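Only one chain comes next, encoded as structure tokens, the form predicted alone.
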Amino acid sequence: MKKFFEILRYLSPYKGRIALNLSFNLLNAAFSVVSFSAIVPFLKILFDSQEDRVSDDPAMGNGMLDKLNHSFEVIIREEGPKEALFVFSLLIVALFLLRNIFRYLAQHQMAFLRNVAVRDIRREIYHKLLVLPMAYYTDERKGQIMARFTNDVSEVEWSVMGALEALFRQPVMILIFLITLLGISWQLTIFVLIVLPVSGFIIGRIGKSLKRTAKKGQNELGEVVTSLEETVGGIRIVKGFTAEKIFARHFNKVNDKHFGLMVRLFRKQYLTSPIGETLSAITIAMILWFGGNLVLEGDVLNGEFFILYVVIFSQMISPARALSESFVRVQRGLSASERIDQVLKADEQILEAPGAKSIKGFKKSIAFKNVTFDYGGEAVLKNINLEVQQGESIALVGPSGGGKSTLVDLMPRFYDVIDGSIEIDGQDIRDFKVYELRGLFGIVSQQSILFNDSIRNNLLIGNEDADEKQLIDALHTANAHGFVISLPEGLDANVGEAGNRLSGGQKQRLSIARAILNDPPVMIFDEATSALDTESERLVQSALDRLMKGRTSFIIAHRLSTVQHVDRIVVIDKGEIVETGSHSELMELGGLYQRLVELQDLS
């Protein structure tokens, strides 16, 4: 149950509400006991047994019941049984009204506690996903991440948090009932306490089996979600290659596997109720046998109190069964919480050094010194040495898979170097505050990332304090103002999911406008024009030229016509720098760069 208490830590800030819930549950239980205890004077009224007196022997009752019993004996004797029955009826209404008021007040607090914990779990997962390194998203499938955030959190909500009411309420009810039963007959109660653990053991075994099956089912659900996400994301390819049958077979396979596991899971879950009821019936039969013998002996327990004992015990069965069923439900939630923990406890890897320094810009240079990097043992960059002066424009070119994108990803610490160092003005970037370090870099990539929101809000990601004039100026600089004002809603037009309401060139120019608002000293252009048509490329390239003025720029390009006029071209092949120089210098060298230029027929 260690994992269960880890989940309950989300409730620790709300101790006051927990105390109120427990207090109201305690009062609810107390009034429940008093309500059921009224059966003894009712029997006296009904069967006119006021001659029978409650024994002074504590074994025959308890103080509270004696007083209630005695009060009705006085009413019967002085007013008569009909008047006593009327008073009894009013008392029952009052007791049950108070009982249900306190029950509602307890549930009122539980409504907050149950949902606030789920809200905080979702918030913690989301914030964790924001700080996890890029390597995590490289290794983890998006469908599995989505399944943990949606299905697993929902499972925790309905299994663990849904069981909170039982876990907070039923133990209090059981404790109050148990104390009352001890007061009526300690011998019979000890007998019950010997019998009940057998039921608990059987229910516990079912719960453990349920947890194992639930965990497998949730893993398979992640595969189902992944299959769906990949199909929807690549539907153009699926249809273009008429591969519907291939994808349908794969989906049916993972979906059927999940189906089989969930059938087993629900069959086991449904088994708990009939087993619980059967065990309850066996327990009651044994109590009737043992308690009946105590009554027949005549000196330990009388008939009226034995009936009361059976009534209260029967009421205790329901919370006990609810508690055991909630334990079974919790097992499903715990397996989901373990999968959530795989996100929450994932290694952040990109750690900020204690006492990290602040950085707002740089004056001299960015230097790569003997930088080596690999993905899981496979070297991507090998012994890279490169120094870039402030204001210099650098083009990174070379065959695909050579390590160009990885090289620029190391500067804002999306990944950390395995060996060597990257320095800004002679200071290792790992000594700076991560948030401020990343603020130095603006990124415009081949795939323009826009969010399902207005143009205005997408631009404000670059600078949330930008005013209307700054937005308009950025759009002008990015050659985007013309198409934006032509939209019916202008800046407030929604771009659609992933910007799908705009063309590729329009999305790219908005990405540039966003970078302009950010006003970073270093710009990274990763294939920023490679996916555009000629007209869009011309507009985007013009905007890029404006953006590069006065800034240090790193341009990754396969289309070499776009980088011939940069200050320096760095050729990277198989993770190593093989050539460096201007366009004319590299052409004279007659190496890899010249071959790439000739392949594109640019010479």
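Note that the coordinates shown come from a computational prediction; the quantities given were computed from them, not determined experimentally. We number the residues from 1 along the sequence you see.
The protein also exists as the form predicted together with a small molecule; that form is not presented, and the subsequent description refers to it.
In terms of contact with the small molecule in the predicted bound form, the residue from F483, F432, Y415, F441 that brings a heavy atom within 4.5 Å is Y415.
Contact with the small molecule in the predicted bound form, defined as a heavy atom within 4.5 Å, holds for exactly one of G401, G260, G303, G234, namely G401.
None of the heavy atoms of S393 is located within 4.5 Å of the small molecule in the predicted bound form. Interface residue remark: Q470 is not counted as part of the site for the small molecule in the predicted bound form, having no heavy atom within 4.5 Å.
Among heavy atoms of T226, none comes within 4.5 Å of the small molecule in the predicted bound form. Interface membership of T283, defined by any non-hydrogen atom within 4.5 Å of the small molecule in the predicted bound form, is ruled out. Only one segment in the set 305 to 313, 393 to 401, 87 to 95, 169 to 177 has residues whose heavy atoms sit within 4.5 Å of the small molecule in the predicted bound form; it is 393 to 401.
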